[in-house]
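Taking the form predicted alone, here's one chain by itself in structure tokens.
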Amino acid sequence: MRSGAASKGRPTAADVRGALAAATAALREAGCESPRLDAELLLAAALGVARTRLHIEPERSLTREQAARFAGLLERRRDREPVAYILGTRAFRHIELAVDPRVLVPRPETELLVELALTLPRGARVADVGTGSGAIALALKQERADLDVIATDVSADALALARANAARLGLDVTFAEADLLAGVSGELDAVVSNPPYIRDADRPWLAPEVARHEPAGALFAGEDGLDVLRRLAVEAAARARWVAFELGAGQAPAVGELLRAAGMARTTAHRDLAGIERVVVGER
């Protein structure tokens, strides 16, 4: 039974309002960028309800088991583990992906790469290099069933998760364990990729969610962040008429030059919602 204080609307640690207040303060102190949102997502998961229920029932009491479950999730977030890893899922465009420390957490800016690839001709054969969770490949297949999509990754662990995502979503994508395009036979119409592009020296400046928890092999690419893109530009330009790469702030001119040197007649840079030149497209 609720105490008299709780019934009058004053928060206690045992009700939703009080649990959220305490958790938000703890996450703010830990340096999380969105402490209230994170607290709501984790509490909803602990209760097994939609997040909207928290606003509808702020005086709902937590059972001892729910409080303990929430405390465990909260402690992981205080250690700056990404919310997506804690919950085990991440929304990307129109699909929900399982994610864990084997793969990067899909970012909203990567959706720009998908949007650009959606303009490909009907029936195009597309390779997604470094697929990770399968976000790009699976989003493309979900929105363009006519595309023939192949996804590669050098990590067997990442591919296992990508395959599981494809099976759960019922999407027919071919997967290959390979370095870049080495495992892809036959002609390609397009190559898309969100490769590692962070400079090794930038590691100390990354958010703890990234530096501590996400796979380093999917993040870092040498002194200037272009080690992988240098190889990929040559391989992709030799195999496809259209390529699109995600990259970091300030890298677009260098990547455009790499593609032109590899034989792409025209390159264009596309900005994300933050105004950063996030994707470079090369065309023969």
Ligand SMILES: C[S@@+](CC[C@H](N)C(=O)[O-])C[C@H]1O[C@@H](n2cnc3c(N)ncnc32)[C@H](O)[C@@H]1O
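Bear in mind the structure is a predicted one, so any value in this text is a computation, not a measurement. In case it trips you up, residue 1 is the first one in the sequence shown, and so on.
Below, we turn to the form predicted together with the ligand, even though it does not appear here.
- In the predicted bound form, the ligand sits within 4.5 Å of a heavy atom belonging to Leu180.
- Under a 4.5 angstroms non-hydrogen atom cutoff, the ligand in the predicted bound form has Ile136 among its neighbouring residues.
- Residue contact check for Val129: one or more of its heavy atoms lie within 4.5 Å of the ligand in the predicted bound form.
- Contact check for Ala218: a heavy atom falls within 4.5 Å of the ligand in the predicted bound form.
- For the options Ala166, Leu73, Ile150, Leu104, the one in contact with the ligand in the predicted bound form, meaning a heavy atom within 4.5 Å, is Leu104.
- Among the residues Arg60, Arg239, Arg28, Arg231, the one placing a heavy atom within 4.5 Å of the ligand in the predicted bound form is Arg231.
- The chain is drawn here without the ligand; in the predicted bound form, the stretch among 78-86, 167-175, 189-197, 205-213 whose residues come within 4.5 Å of it by any heavy atom is 189-197.
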